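Only one chain is included here, represented as structure tokens and corresponding to the form predicted on its own.
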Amino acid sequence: MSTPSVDAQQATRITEVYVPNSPLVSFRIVVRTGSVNDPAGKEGLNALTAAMIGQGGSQSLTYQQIVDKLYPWAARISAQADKEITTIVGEVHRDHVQEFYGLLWELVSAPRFDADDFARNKDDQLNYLKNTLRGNDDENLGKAGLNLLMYANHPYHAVVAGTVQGLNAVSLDDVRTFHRAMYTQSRIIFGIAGGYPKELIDRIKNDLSALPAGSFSEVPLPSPVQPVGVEGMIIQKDNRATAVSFGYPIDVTRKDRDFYALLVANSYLGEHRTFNGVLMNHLRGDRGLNYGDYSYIENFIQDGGSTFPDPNIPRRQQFFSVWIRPVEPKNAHFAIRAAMREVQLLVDNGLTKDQFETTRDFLIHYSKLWVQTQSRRLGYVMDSEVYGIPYYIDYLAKQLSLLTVDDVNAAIKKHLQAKNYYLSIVAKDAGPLSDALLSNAPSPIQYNNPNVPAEILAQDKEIQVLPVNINKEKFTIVPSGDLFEK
């Protein structure tokens, strides 16, 4: 792949990753708007506007006609909304790129705003909140609960899909007005990668220049409030297993040097969907508690069925979190203690030189896999521009190569701690679990397999009585049906 190039002119900001031999052309149109731009009382407007582009018609074609047009090309167009960024993603074989681009750009610049599309997309978004998130997706419900706890009275508070009352208040005219205000020259960064004809860039520039100039200013973000003790909630619902997420805001993003030190520490603790992390090894590997246990130092949304994060979800404020995938209710209290113990050990002991070097080497090579498609690479290039850093994957390797184990352990001490958390639990038996947590009752693990090594059983006796410093004034039980209402 060629070196990315950027047209930095404000009116035509185009990011190019030219790959002349590639048969594909990838598009990522980043719009500097997200759920933080939703008007009060109309939470979900940004995501619904994006859906009208990703799953709606254009001025000249209905949604069904667009689907029929894309199918024989094996092409795709989708929309991805987050807190501060919304991205329209497309990909097509270069044989069809001119016609595809015309269709894509018409969707972005002049959506159809068909009443039937609006009703369908609005229903989908409401169903996601009312049925999927509240009812069928405990893992993401726990994560959404953690978001609510960390960002009370903060622009990040609502989930990206919005709220039930907010969506119900959104009209088709609201979507039209929002689109007119946000999809402007000043907010759009146009990304293209692959084997596109160079003359296409002039066409893109002309189209961009025809958009209203608009204006862009970032929504002010107050500092998130840090927890005192363990503040949290148990989201009560009729489920078979208990999902847990806990964490707290951190003042570090990719533009900070300490981010890269924490990246090593986090990979050692709980790299997503790998067996590298001590969380995964000790909770699942040693004890068979659940399917997976991971940690993160920034917002992480998995890209489809892969193990990699979605690009184009940058945020100005990030958080540290631990995700315990659903565990049997009888062992939920123990699993929380065991996971918090691993964070405590990391904070107390840091990494040894061998642990640091092994984890750093893994990360330098593993990060190369994050950009194994040109579309993902384009996304990472554009995220780097948003953060104001060189191309992230190369920058990461350089920053990691400069680190020492002392840098990593100093960053752990500075940014991580193991006493104060926001804790979000999704559980059926919320009352008994709450009582056990509040009283710090012993929570011996119950194994299905009797052949557990003696050293693990010895550790279990320590873990089952570890204190969890619950803040009784800020720990509640909330029915799942009450969440995301307004």
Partner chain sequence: MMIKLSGAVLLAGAMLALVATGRAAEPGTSNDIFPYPVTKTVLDNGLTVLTIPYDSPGLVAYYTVVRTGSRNEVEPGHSGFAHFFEHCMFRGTVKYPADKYNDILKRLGADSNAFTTDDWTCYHIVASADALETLADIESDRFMNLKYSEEAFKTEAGAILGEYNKNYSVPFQSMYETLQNTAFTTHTYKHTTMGFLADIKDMPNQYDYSLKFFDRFYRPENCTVVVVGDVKNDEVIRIVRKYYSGWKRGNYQVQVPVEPPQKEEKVVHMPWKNRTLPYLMIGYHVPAFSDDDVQRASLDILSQLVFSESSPLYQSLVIKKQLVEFVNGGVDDHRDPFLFTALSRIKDVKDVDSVLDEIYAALENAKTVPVDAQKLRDIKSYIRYAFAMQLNKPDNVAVTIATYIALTGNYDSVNKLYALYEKVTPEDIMHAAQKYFRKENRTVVILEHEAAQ
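Since we're looking at a predicted model, the values are computed, not measured. Numbering follows the first chain given and starts at 1.
A second form of this protein, the form predicted together with its partner chain, is not displayed here; the remarks below concern that form.
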{"query": "Heavy atom within 4.5 Å of its partner chain in the predicted complex - the one residue of 168, 78, 352, 177 that qualifies", "finding": "78"}
{"query": "Its partner chain: the contacting residue among 119, 152, 219, 345 in the predicted complex [heavy atom, 4.5 Å]", "finding": "119"}
{"query": "Its partner chain in the predicted complex: contacting segment from 433 to 441, 33 to 41, 415 to 423, 54 to 62, heavy atom within 4.5 Å", "finding": "54 to 62"}
{"query": "Contact at 47, 130 and 291 by its partner chain in the predicted complex, all three, heavy atom at most 4.5 Å", "finding": "yes"}
{"query": "Close approach of residue 192 to its partner chain in the predicted complex, 4.5 Å, heavy atom", "finding": "no"}
{"query": "In the predicted complex, residue 393 touching its partner chain (heavy atom, 4.5 Å)", "finding": "no"}
{"query": "Residue 67, heavy atom within 4.5 angstroms of its partner chain in the predicted complex", "finding": "yes"}
{"query": "Its partner chain contact at residue 383 in the predicted complex, heavy atom, 4.5 Å", "finding": "no"}
{"query": "Within 4.5 Å of its partner chain in the predicted complex: residues from 319 to 343 (heavy atom criterion)", "finding": "325, 326, 328"}
